[in-house]
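So this first bit is one chain, no partners, the form predicted alone, shown in structure tokens.
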């Protein structure tokens, strides 16, 4: 299995940056092959852009491909913790992999910072002081979509998602906020690419709209097949199915679709403008939601290292919780269960020249916290 090692070094380090004097080893386990590879590549690239821009000495990042397989992710995590002696783990995209890795890692006194997966169990009863989610809790973007559906007057949605923890959280979140009826509810196979049967059910259901969560290649397959099916119902989704990398593959079929996200490239703050420009300059493409989350995760870690060494776990944990870094989302804060409290936006898919992209058209939910924080007993 291929391992990538990257060492961040700087010519000068501020004297007050205490942790920069000590070695910090970060293990990134993410998906770099197969149908979900684009998501992991974006998280990796956003993360490493922040590490390189910071440039301090003594921060090493070890990167491995989990192949979107829980058993592989567990093996990598065990090796990173026991042999590589990492201080921090990060990178996992998929919630089933997070559920396999995070509890075991935090039980071994390793910090885990999620740049993506946010399963409900880890936000609630199985929260842990060493687990921080820098992206969102899984339900959040779907809750905002349910609220938007109400505003749009949609009263009979057909909803579908893959049958794994994030998919279950997705439909739970949509239903939590959505006030209409359900014309149908389907859990599909994770990694499925043929949606003819599901589209036939949508056609026969009497629905007035479709809400789906199908990240990565699953979403590309569904949208292309849906567009060619002749079913003419409005589609709503979370950003994961309408993100920057996906849109170019889907093309005109996505135009006009409303989707929800806590980030977009047009959020008006200096950190975001610099991130978008520097990411595009380095990698030759616009950043995605996943890239923004990787970038924020790295900068959160670096901000904590300015205050404390990872070995001083109480101080480092407090520095993470303070979240004193310039997030691309603007103001950033954690709730008591170490999940963000944040605005979630409604975006519309547009075409800017030859590029399909999103623009923010409304704020779906303001200062939104997740529904599971009350179950967390930290």
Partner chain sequence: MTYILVLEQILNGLQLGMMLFLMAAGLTLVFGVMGLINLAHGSLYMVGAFAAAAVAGWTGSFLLALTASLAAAAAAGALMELVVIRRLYRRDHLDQVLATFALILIFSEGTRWLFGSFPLFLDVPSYLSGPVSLPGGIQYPLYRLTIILIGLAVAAGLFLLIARTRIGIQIRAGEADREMIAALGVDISKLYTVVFALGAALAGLAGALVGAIQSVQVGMGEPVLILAFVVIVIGGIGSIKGALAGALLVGMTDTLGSVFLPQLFAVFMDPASAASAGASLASMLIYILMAAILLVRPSGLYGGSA
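Residue numbers count along the first chain shown, from 1. What we label the rigid core is the largest C-alpha set whose atoms superpose within 1.5 Å from one form to the other. Because the structure is a prediction, the values reported are computed rather than measured.
The form predicted in complex with the partner chain is left out here; the points below concern that form.
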Revision key, fill the gap. From 251, 179, 153, 206: within 4.5 Å of the partner chain in the predicted bound form by heavy atoms is 251
Practice item. Counting non-hydrogen atoms within 4.5 angstroms of the partner chain in the predicted bound form, say which of 37, 62, 350, 341 makes the cut. Key: 37
Practice item. Please run the contact check for residue 189 against the partner chain in the predicted bound form: heavy atoms, 4.5 angstroms, yes or no? Key: yes
Check your understanding: Looking at the partner-bound form in the predicted bound form, is residue 230 within 4.5 Å of the partner chain by any heavy atom?
Key -> yes
Review point. With the cut-off set at 4.5 Å between non-hydrogen atoms, does residue 124 touch the partner chain in the predicted bound form?
Key: no
Check your understanding: Closest heavy atom of residue 273 to the partner chain in the predicted bound form, within 4.5 Å or not?
Key -> no
Practice item. Determine which one of 215-223, 144-152, 109-117, 291-299 lies within 4.5 Å of the partner chain in the predicted bound form, judging by heavy atom distances; exactly one does. Key: 215-223
Check your understanding: Do all of 32, 194 and 201 end up near the partner chain in the predicted bound form, with near meaning a heavy atom within 4.5 Å?
Key -> yes
Point to revise | Contact set, 155-172 vs the partner chain in the predicted bound form - heavy atom within 4.5 angstroms | key: 163, 168
Review point. Does residue 230 count as moved between the shown form and the other one, where moved means a C-alpha shift of 2 angstroms or more after fitting the rigid core?
Key: yes
Point to revise | Cα displacement of residue 269 between the shown form and the other one reaching 2 Å, rigid core superposed | key: no
Point to revise | residue 78: Cα shift of 2 Å or greater between the shown form and the other one (core-aligned) | key: no
